[in-house]
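So this first bit is one chain, no partners, the form predicted on its own, shown in structure tokens.
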């Protein structure tokens, strides 16, 4: 019986509502500074292991190694580089604002309103389309008013019993990285051109609030100031 089964409603020891975040064993950087041992990924795979022909949503860029890793395990993978799509959206909004005729009735809107407009075209999948979501550390780069809107949509896209893996930095990052799956417990951190500036360091209570619709959660605290959060819907 895996963690998914143990936490289903009515099961012995099942968690209801937003369970407290439980620190898991510390994880450490691998022999290369670009590699990270990921207990979160290992348990993410464990949780979805009994789903036949499951679907995964990867919210980072397309990496052939990541796609091949999941396809070889029998999963179907959809990729939407959410942070890049968000940056392009903001660029278009800013250009539209600057191009408005002098004297036109224009005003900048709040991040929450921008998020609602963004979601009119982003993350357009049917509800319950996915059994697993790889969110990486993207929530750290969104305005705190935007992140809850994104989580509402992502929660709708997950099957009940589905899992989401998300990373949170305990302090502002010095470099912008992308994440590539190497194997079932190893991630490669790839330095990339900065798409966005680190926006917010989430506290545990804020993370619980973001994932309030999920039934249980678990974190793995790394020596590199990164917390891996695994959330079960």
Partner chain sequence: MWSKTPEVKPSSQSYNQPASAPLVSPSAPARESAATPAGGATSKISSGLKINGEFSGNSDLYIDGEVLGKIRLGNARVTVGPNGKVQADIEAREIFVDGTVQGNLKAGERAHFGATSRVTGSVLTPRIGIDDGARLRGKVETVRTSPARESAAPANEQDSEVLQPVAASVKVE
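Since we're looking at a predicted model, the values are computed, not measured. Numbering follows the first chain given and starts at 1.
This protein has a second form, the form predicted in complex with the partner chain, left out of what is shown; the following refers to that one.
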item	value
Contact of residue 135 with the partner chain in the predicted complex (heavy atom, 4.5 Å)	no
Non-hydrogen atom contact residue 159 with the partner chain in the predicted complex at 4.5 angstroms	no
The partner chain contact in the predicted complex: residue 49, any heavy atom under 4.5 Å	no
Residue 177: touches the partner chain in the predicted complex, heavy atom cutoff 4.5 angstroms	no
Interface residue in the predicted complex among 35, 201, 62, 191, criterion: non-hydrogen atom within 4.5 angstroms of the partner chain	62
Listed residue that, although the partner chain is not shown, lies within 4.5 Å of it in the predicted complex (heavy atoms), from 45, 196, 182, 67	67
Interface segment, criterion being heavy atoms within 4.5 Å of the partner chain in the predicted complex, picked from 138 to 146, 91 to 99, 71 to 79, 107 to 115	71 to 79
Within 4.5 Å of the partner chain in the predicted complex, all of 123, 126 and 152 (non-hydrogen atom)	yes
Residues from 159 to 176 in contact with the partner chain (non-hydrogen atom within 4.5 Å) in the predicted complex	none
